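Next up: a single chain in structure tokens, the form predicted on its own.
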Amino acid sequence: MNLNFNLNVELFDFSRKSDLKIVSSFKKSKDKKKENNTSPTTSTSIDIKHLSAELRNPFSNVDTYKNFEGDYNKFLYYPLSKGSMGLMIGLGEKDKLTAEKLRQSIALIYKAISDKMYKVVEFDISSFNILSDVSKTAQILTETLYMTSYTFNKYQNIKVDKKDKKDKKDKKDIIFSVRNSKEITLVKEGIEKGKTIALGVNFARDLVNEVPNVMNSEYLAKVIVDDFKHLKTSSDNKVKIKAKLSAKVLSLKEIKKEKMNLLLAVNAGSVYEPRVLYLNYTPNKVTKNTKHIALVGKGLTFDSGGYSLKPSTSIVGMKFDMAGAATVYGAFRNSILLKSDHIISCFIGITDNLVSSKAYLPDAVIQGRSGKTVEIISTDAEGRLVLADVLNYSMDFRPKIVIDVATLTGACVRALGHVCGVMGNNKELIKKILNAAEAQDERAWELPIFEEYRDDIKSTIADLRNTGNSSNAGAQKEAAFLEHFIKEGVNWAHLDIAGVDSASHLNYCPKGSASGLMIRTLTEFLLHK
């Protein structure tokens, strides 16, 4: 990830030399327009009374101000004193503005100024404080700036001569200006939380975007574990972690010992060994009421479909098939740095799914770790096989709640589009996840698991089939398959993120790249008491 700005908070000082001061305006409703008298210095179509006189008055001197009505995401540059410029962005009608609309606007602002020669850019925080909470506003702005600034370009313009140093662009200084000293602490808190969450999202994006000739199973396990160990000792981490952190990496030998034959079958065509990660965070204070939550992620570093080979139009982009693993680790990482009160375990099954003389075959019957046998109908339905063994493994640690995340089905994309499908065995848990998604303005929707879907994955020669008899309700049928590996009494939810692993429709998500969506939702869930 590339970070090309420094972020600080300062008291508002109009005399401070800033190349660009960014403010907001609102569109007046028709009723409010009628209440105002027209004057030569005041626009009747725009609400800028929240701005200080130093930022408001110069705007009225601009010839084109009468044509600017504060429409949503409309920009107007105007001159201020001492050679600096003002950038006014319209946010539409104030009562219709939401936190997500604000994210979209801030992302557009960043894109508009990122390549410009502005060295010092100042945001007037009070202009954007639609929530009447400067800390939350600062958090939203910070998250958006960090997520929008993300790029993955490590393989562009590589120098052949290692001694030839790459050119380094100077970083911008971005300032959040506040009206009184009491707000400084609150804004700093918002900045730190927003930065933590956004860096968790960006770290996960890096994992997903890495190319498959580099990101194999052994490498992915190493990168995650190295970062996990670094969290406790990093000098960059301003929050001292006093919780207990532990990590275990299951090698091929240990996976065989655990009889994770479904995972091993998927891995059979690979030249790289599989890995299973078990990471644990236990807070300092643990009581009998402390919840133990397990996150389980699908880590398919590349999915060719195996012998059920994907067509050429579908195989490109299959490096994204480990987005579930990246998502659970990103949320797990955030919950550690933000000091969740829950015990949280993170389980990740890692392999690729390739074709070779040793690869597993359609019609095979394989017994998984749980003892259940599975008839292989499609080797391209491999993610549920990996999750089955890892979910069963997670049961040994007795979590109260288990949430698995995977890019599992095209059926979910066809059903919901750019929405995360949520399924599970507990209505209260599903509702809490949906509420967390709504709080973070991320799209999620419950899909039902009806009894006929459970019947459709029953095999005539084994306990289960790895696909249903028909393509209808494919997302729910794979959830019905996973349900078999959850012990009775454990609340379980399954998140199918196939529709949101990339999200070019959002201004703060890079086009054609990993989105990191649902990390904010899971972080919200893990921090909720």
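What you see is a predicted model, and the numbers here were worked out from it, not measured in a lab. Throughout, we count residues from 1 along the sequence that is shown.
This protein has a second form, the form predicted in complex with a small molecule, left out of what is shown; the following refers to that one.
No residue in the set I293, D404 and G424 has a non-hydrogen atom no more than 4.5 Å from the small molecule in the model of the complex.
Checking V374, A138, I197, L408 for any heavy atom within 4.5 Å of the small molecule in the model of the complex turns up a single hit: L408. Contact annotation: of the candidates L354, L76, M318, I130, the single residue with a non-hydrogen atom within 4.5 angstroms of the small molecule in the model of the complex is M318. In the model of the complex, at least one heavy atom of T467 sits within 4.5 Å of the small molecule. Although the partner is absent here, Q104 lies well away from the small molecule in the model of the complex, with no heavy atom inside 4.5 Å.
Although the partner is absent here, E382 is a contact residue: one of its heavy atoms lies within 4.5 angstroms of the small molecule in the model of the complex. Taking non-hydrogen atoms only, S251 never approaches the small molecule to within 4.5 angstroms in the model of the complex. Annotated contact segment (heavy atom within 4.5 Å of the small molecule in the model of the complex): 302-310, selected among 393-401, 302-310, 189-197, 252-260.
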